[in-house]
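Starting off, we have a lone chain in the form predicted on its own, written out as structure tokens.
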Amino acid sequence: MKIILAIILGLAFGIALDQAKASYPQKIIGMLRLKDFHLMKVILFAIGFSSLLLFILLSLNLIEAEHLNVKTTYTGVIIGGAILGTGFAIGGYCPGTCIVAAGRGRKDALAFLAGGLLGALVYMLIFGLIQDAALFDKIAGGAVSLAETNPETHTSLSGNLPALLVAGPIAILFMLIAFLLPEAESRKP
């Protein structure tokens, strides 16, 4: 049953990405160049709305904090994120959007997907050589979050403040920014 739910949720997410035009590299590159704010508006609003909903449900004890998983931050995560971000800016795809674009039949997305798989293969092959490197040194103690959700598994930077009090205003700010952003860069003569 879990695999069926995963497939349904994955299809729904893919449809949402396509509807938001995230499977079009020119939209992503336009967003990163601060020329087309449509996708940025969608992303900021989605992050804000889902975060606010999540923290409201947590505060009402309708979701157990144990289900949240704060990933440990390593030096390599920062370096890997920079590499992924560079590829994102150059190619106009991230791993999820290239799969959606490949489903639309875009050949450039297939090339991007192949490059990502090749990179994962290379990482897997050299992992034994680099596993003791500084790439895997924890940053700030490892699992750290801004709001307190599960003090047994990670540290909160906001102390004992209720999570909704910390995350709520940030979520609202994200939605407000999304609302205030223009659709496209203003064209001045």
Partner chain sequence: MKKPKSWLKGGLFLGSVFLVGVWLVKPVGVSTQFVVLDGIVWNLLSPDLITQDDANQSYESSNAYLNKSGGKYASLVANPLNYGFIFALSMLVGGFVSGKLSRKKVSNEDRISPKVWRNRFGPSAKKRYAFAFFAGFLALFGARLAGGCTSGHMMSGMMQTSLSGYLFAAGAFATAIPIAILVFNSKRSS
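Numbering follows the first chain given and starts at 1. Computed from a predicted model, the values in this text were never measured in an experiment.
Another form, the form predicted together with the partner chain, is not on view; read the next lines as being about it.
Put simply, S59 is far from the partner chain in the predicted complex: not one heavy atom of it is within 4.5 Å. Taking non-hydrogen atoms only, L54 approaches the partner chain to within 4.5 angstroms in the predicted complex. At the 4.5 Å threshold, heavy atoms of L9 reach the partner chain in the predicted complex. Although the partner is absent here, Q131 is a contact residue: one of its heavy atoms lies within 4.5 angstroms of the partner chain in the predicted complex. Using a 4.5 Å cut-off on any heavy atom, the residues of 70-88 that reach the partner chain in the predicted complex are, in sequence order, V70, K71, T72, T73, Y74, G76, V77, I78, I79, G80, G81, A82, I83, L84, G85, T86, G87, F88.
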